[in-house]
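Heads up, the chain below is alone and in the form predicted on its own; it's given as structure tokens.
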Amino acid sequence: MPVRTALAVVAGKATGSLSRLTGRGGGTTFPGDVARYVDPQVLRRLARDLKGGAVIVTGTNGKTTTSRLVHAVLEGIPARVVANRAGANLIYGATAAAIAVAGVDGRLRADWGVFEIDEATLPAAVDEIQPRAVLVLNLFRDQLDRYGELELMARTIQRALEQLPEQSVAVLNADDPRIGELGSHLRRKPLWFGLDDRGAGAQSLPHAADARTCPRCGATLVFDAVYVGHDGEYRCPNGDFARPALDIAGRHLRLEGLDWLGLNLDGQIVEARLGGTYNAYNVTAAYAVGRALGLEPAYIAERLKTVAAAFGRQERFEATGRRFTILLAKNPTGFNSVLRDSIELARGKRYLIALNDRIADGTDVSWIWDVDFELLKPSVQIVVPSGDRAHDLAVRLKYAGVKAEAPQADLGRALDRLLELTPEGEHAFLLCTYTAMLDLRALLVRRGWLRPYWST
């Protein structure tokens, strides 16, 4: 191993320790910046030490949860697994994760890697990590001010998949029309997964759906079932395009609140301590990765039972005699999914909703007008708008006919107001965009209610 790589590892480790000691963060990104400055090839060289190989997880929604599921599957082999579990999903975050488990000799102390990677970063990550498998979850409209339209993201992902080593496999969500199209052009057949349970799906697309037309002839797609956003069973009325045949199909979906789900994956009963149809996709995807890597169905199912929700994603805790669930939503599809499931499955009645507009969220918040906040109107009792754009959110809620508390940009005051309005023994939901979720968790850590996210 080159001396430069060993020096990069030492520099990265020192940066991470300093970051945590000074309280400036968890050392989930900046150590990667420093290490790559010392040796731009540090991640490429460390990844070569992975005897089993690496799995990359990408897509708009579900990366952190699905990566955690895949991590659990591989860890039980048994194996030492390196992962960017804190959700720092740019190339610097993946590098920082590798640095954290590398020795000062510049060698990686792991057998497998599981890296969640931002869609725009995927080509660079594939080039440097040379993964055994790349999992693509979905493509929903998200942060248009940074990434542009879905077609641009689809081309970026397709370009990355075309760079995969010969022995690698692409594991793709067949239920997403944009992914179905890009996968059909790959040189090697991907492993297709999806849901096959029309009883669990809607019969029409939501008004804010992002993929409505055939990518080949432009005709309006026919959906026989819609599961999440525009993901479902689709076909072109002209016969030009249709959902690919499923290699891994999720059937007989059962949901119990936001606490549990079960489904049949090609004859294997799989259960998880997660809720909602969107998590059924995450579980199916993780199972498909396990099968792509040659693991036995019963073993994969047993490992998936052990996984709890990732930080900020259906994370549950109790404090002041009340129960709380943190829900992350970053775009219209995510918001609509967690709103619907928390109301219909978990009977949610009390909410703090926090909206931020920082770089990591996307600075354009006009997308909130595509969120079905009208779902809150019939049964929800309390809504406290908060975050940097609390007043924009309050206006949207007013137009939805939802009676909300006065907007409170300060998260601490908003949380205190929610506590005032939530009786002891009751359940409240904290629904946040990405940086608002990080701010809220930091507040909860200071109050002693949660541990820092990098230690979960």
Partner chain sequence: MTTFTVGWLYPDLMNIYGDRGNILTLVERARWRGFSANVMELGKGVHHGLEDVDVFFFGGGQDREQALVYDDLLELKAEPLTRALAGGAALLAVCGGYQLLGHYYQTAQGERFPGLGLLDLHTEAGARRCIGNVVVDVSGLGLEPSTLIGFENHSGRTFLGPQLTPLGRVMAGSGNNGEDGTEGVAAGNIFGTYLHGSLLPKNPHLADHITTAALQRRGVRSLPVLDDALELEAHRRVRDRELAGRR
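Positions refer to the first chain, counted from 1. Given the structure is predicted, the values throughout are model-derived calculations rather than measurements.
What follows is about the form predicted together with its partner chain, which we do not show.
For the candidate spot formed by R178, P215 and D364, every residue has a non-hydrogen atom within 4.5 angstroms of its partner chain in the model of the complex.
Using a 4.5 angstroms limit between non-hydrogen atoms, S379 is distant from its partner chain in the model of the complex. The closest heavy atom approach of D370 to its partner chain in the model of the complex falls within 4.5 Å. The shortest heavy atom separation between R44 and its partner chain in the model of the complex exceeds 4.5 Å. When contacts are judged by a 4.5 Å heavy atom cut-off, T220 counts as touching its partner chain in the model of the complex. Only one of the listed residues (D111, D357, E128, E75) places a non-hydrogen atom within 4.5 angstroms of its partner chain in the model of the complex, and that residue is D357.
Taking a 4.5 Å heavy atom cutoff to its partner chain in the model of the complex, the contact residue among E151, E296, D224, D259 is E151. Of the candidate stretches 423-431, 386-394, 51-59, 34-42, only 386-394 contains residues with a heavy atom within 4.5 Å of its partner chain in the model of the complex.
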